[in-house]
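Two forms, one chain: they're shown below as structure tokens, one block per form, named structure 1 and structure 2.
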Structure 1
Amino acid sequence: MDTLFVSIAVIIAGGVAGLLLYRQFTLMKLVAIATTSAGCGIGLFFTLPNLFSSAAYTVSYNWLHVCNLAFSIDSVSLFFLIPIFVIPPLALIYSFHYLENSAKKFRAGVNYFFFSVLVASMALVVMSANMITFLLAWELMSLSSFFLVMYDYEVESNRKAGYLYFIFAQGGAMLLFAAFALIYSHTASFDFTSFATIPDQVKLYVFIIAFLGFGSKAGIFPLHIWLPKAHPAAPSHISAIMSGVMIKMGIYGIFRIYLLLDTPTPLIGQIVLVTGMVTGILGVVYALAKQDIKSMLAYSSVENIGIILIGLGIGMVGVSEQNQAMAFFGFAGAMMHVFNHSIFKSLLFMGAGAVLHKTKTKNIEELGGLMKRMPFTGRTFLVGSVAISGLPPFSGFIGEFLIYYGAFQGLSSQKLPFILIVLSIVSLAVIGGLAAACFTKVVGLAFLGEPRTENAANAKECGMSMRLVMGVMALACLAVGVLPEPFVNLAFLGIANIQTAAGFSTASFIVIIRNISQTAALFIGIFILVSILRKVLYARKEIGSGGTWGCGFTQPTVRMQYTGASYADEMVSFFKPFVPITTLYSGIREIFPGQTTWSIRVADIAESNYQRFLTTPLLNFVTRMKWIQHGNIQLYIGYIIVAIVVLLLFL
């Protein structure tokens, strides 16, 4: 446990060093990256061995003589510590070439500082053992990430995105305060272990409030709307860590509060399962509709949160159905997907960052042909895309397989759970298919074909440190897919401390995992054989090259390529009531028409409804109450006194 605090201290030291050394740009980057990464290394050095021994630790300190800061670690915390310590060093190494504008060196220093605070606070979140510690760490995490999002604050849309994130982070935190207050009113104790003693009825309310609070961090539908705004605004290594690691803290919170409440109420699992399905399907549909590569990746994170929630939900339904296998594989699948998503989503954000860096655009309609111009980025992005679509032999499949396996175990359940499980399996299949469509769109339009603009045509490969990191992550995606056994074991160890997992034998499942690994290897073997066969067939043959066959049309231009909007159109309009599409068409009026424009816009139903039912009425109300704020200090003091007097009457 002390090792962990040492590691957190080193991580913070790295950030502070970055802030102090900002005048020497390169040195600052090197020191900050090296120190913070070393801190993460120390943390990992503690985490992994303890995960294998499934040890649990508890420690507490008195702070300011009032607050008791308590920390405890069990297998779930240890498992979540792995992405927290693995992804940030990679993101930092990537940032070495990504943050290359030395005119913004102070800003880069600040960025490294808040980066290290974010990493440290995420580690503290999963280590916390009472409400005060947890909320302190939680707020630290929200605030530091808010400053990271605000990196390019001179752009107005980025400021707006930052404020939106701030509102959702603080709104979520308020709900957490409410949930904890509800518990405190029953137990009069800040300690996490006291959660289990409150009445069952209260537990349900506590869970729902906390679920919404954590959900706004995780990005469940409809609390996700900050993600597609904040991720494009943040620098890419920040989006990588926010999407890959930070939103998982919401998942951690949901899982932790569920474990702490320890309630048999079946409703909780059903809520999580249904939310997961809605989040997953709508997330991927919106992702499909987006042309901005980074906001599309953000929506895809919403989708993956949905998949993780389906896993958790199946686990919870399994617990309430007393189906141990279902509970075990549901939870393990969720854990596995948390781990996988942290890798491939970071990889994809970094690839998108490289594209943005070299082409100055995030719009896939303005890209194209990058596979030839940025071959390394293109290939790693392709690997990440296959992995995130859940296709074997890459990592995404393993997590989804565990969830499927858990869900299939539950098919013998009774009426309502049965229908929910059937729907969850079908929605997983739909999510998989749509995710594949979504990522073929990105890869096919941004990286393949012909460049649509000058910027894309003149793109160059990105810097060494960026390529290194993306290469490592792509290899990790393949490794998890082909040799899943140690990683699946890691996920099993992650839930080893929880009650459901006690005494569950995974031996027969490990055989299946080995078989999957064999199938993946067999597939790769066949693939290599067929490639060789293809080489042999093409040996000593005439290979010509020419333009694409345009069905007799001989003068094609690059603008005739299929666009992202048309690619997704049919699929998106299938989900019409949830995805309102507005078409703007200026029309052709005169006999010799001038220039016409045609554009379609896809609105996020959550966002437009917030606007309609929440922000607009609120703004109207606030505008009407403006007279209160008149700038007269004496009257303000008068308000305060009146408020205190009125409150004193109630106390």
Structure 2
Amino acid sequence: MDTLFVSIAVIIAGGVAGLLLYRQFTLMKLVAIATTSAGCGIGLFFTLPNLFSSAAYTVSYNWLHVCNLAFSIDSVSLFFLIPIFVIPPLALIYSFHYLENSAKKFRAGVNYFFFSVLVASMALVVMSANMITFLLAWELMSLSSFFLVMYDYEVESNRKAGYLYFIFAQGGAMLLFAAFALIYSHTASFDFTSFATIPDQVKLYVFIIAFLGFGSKAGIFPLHIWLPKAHPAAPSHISAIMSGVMIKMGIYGIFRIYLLLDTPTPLIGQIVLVTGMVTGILGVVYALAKQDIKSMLAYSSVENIGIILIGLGIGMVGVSEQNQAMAFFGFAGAMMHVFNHSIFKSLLFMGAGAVLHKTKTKNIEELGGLMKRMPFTGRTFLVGSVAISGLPPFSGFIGEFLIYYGAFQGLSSQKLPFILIVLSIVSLAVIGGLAAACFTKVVGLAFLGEPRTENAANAKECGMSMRLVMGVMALACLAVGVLPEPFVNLAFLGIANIQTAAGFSTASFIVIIRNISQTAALFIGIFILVSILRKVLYARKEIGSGGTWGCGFTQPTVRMQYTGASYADEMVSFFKPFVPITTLYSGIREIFPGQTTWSIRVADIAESNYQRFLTTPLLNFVTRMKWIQHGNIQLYIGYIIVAIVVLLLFL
């Protein structure tokens, strides 16, 4: 386990070096990237072999003779350490050409420093073995990510996004403090191993409070509203880390507290399952309605958190139903989707970053035709889009297939569990269909057709380091889809230390996975063969070229192309009770009308209700209480005395 601490020390050293060398811009980037990546490599060197051996380690240190810092790793911790050590080095390499403005060299140095702190704190979160260690690491993770979101702090919308993220991060932390305090009041111990000893009736309350706290970080509905604000505000390689890895710390927390509480209460699994269904469906509907590509990807992350929760919920219901197969594949599917999402969502955010970098816009209504101008970015973004839509032969299909398989194992259940399992299968199908529609919209509008603005028409391919990373991630999406067996075994190893999963035979399922692998390989082979044949058959033919989406008109314009709003309108309108839509239409009143406009605006129902029932009343209350502020020091001392007296009355 000492190797992990060495890894964390090297990661932090990389960040400090970036801060100290900021005056030498290129050298600073090279040293920070190389050192932090080396630290992640050391961590991965420890993690993978120990995951295969199902090793478990525990160590503790006295800190300043005040408290005990305890660390422990098991198969679940080791599995979550894989994306923590794999994705950040790729994001750092991507940043070499992404952070190319030398006028912001000090800001870039600060960015590398907090990046390293974020990676180190995420590793410490999954290694923590008592409340104090966990909360220290959790707060470090939240604060470092807050400073990363505030990279372009001079932009007002970015500052608002950062403050909103900070409020939700600290609100979630307060709930975790409350859950841990409730446990401590029954155990008088900070150790995680004491969680299972609290009374059963208290365990449900503890789980619900902690679920909300961790859910705020993960982005469950309706605690998700910071994601669509923070991700567009942060640099794209930071969005990739936050969405691909950091929000999974919320998932880790939910899974960990469930395992620590060790409660057979079926209500916990049902809560997680229903939350997952609601989060997944509403997340993808809001993603479909968005025209800002990074905001759309953020809502897509909400959707994928819903899919992961559905997997966890199926596993938990399987445990309460004493259905080992259902529990095993539910948990394994959730873990597999955690791994897959860290890859394809990072790839998509980096692709969006490349588009933003070259076109200076995130609005897909102002893009178009980028497949010809940025072919590498377009093709890798297409791979990520197919993968996240859960379509074979790419990685997203494998994780969702495991969750489906776990759900089908539970169809023999009775009454409420049976209804929930059927609903979860239907929800997964709905989410998959809407996700495919969402990403056909993005790819179709941004990368196909004709450019809608001059910036899109003049766009060029992004830098080498950015292309290299996107290429590696696209290949990883394909590798997991075509050769899934080693990756599925990795997910199985991730739950090896869970009592419910231990000893379950996967031999028959591995046969199914091998058949999927062979079918995917056959598909790829046919695709390559058809591509070669097309090249050969068209080699000597004269091929003309012209504008796409002309629709038979002799003088087509880009205004004739589909807009994002018109493409998604029918599908989003179906969910109108949960997705408030405002339509702005100037109308046609003459036989030969002039210019007319039509647009729709979709409001996030959670954000609207926060505004209506929480923010506005609170703001009104604070405004009315302004009379307390007088600027008189004697009066303020009087307030303090009154507050102390009131507090003493409660003690």
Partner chain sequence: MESILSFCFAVLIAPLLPAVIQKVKAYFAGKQGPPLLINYYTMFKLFKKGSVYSTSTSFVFKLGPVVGFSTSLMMLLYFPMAEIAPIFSFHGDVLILFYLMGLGRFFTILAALDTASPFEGMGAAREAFFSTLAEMTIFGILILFYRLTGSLSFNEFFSGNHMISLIGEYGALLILVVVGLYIVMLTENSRVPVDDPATHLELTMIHEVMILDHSGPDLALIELGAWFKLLFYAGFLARIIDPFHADNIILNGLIFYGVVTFIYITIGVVESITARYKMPMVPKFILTPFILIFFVTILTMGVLQ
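Rigid core (definition): largest C-alpha set, two forms, superposition within 1.5 Å. Just so we're on the same page, residue numbers count up from 1 along structure 1's sequence. Keep in mind the model is a prediction, meaning the values are calculated, not measured.
Engineer: So which is the form predicted in complex with the partner chain here, 1 or 2?
Structural biologist: That would be structure 1.
Engineer: With both forms fit on the core, has Ile532 moved 2 Å or more by CA between the two structures?
Structural biologist: Yes, the C-alpha moves 2 Å or more.
Engineer: Once the two forms are fit on the core, has His630 moved its CA by at least 2 Å between the two structures?
Structural biologist: Yes, the C-alpha moves 2 Å or more.
Engineer: Fitting the rigid core first, would the Cα of Thr26 be found 2 Å or more away between the two structures?
Structural biologist: Where the cores coincide, Thr26 shows only a C-alpha shift between the two structures that is less than 2 Å.
Engineer: By how many angstrom does Gly587 shift at its CA between the two structures when the core is held fixed?
Structural biologist: Value for Gly587 between the two structures: 5.7 Å of C-alpha shift.
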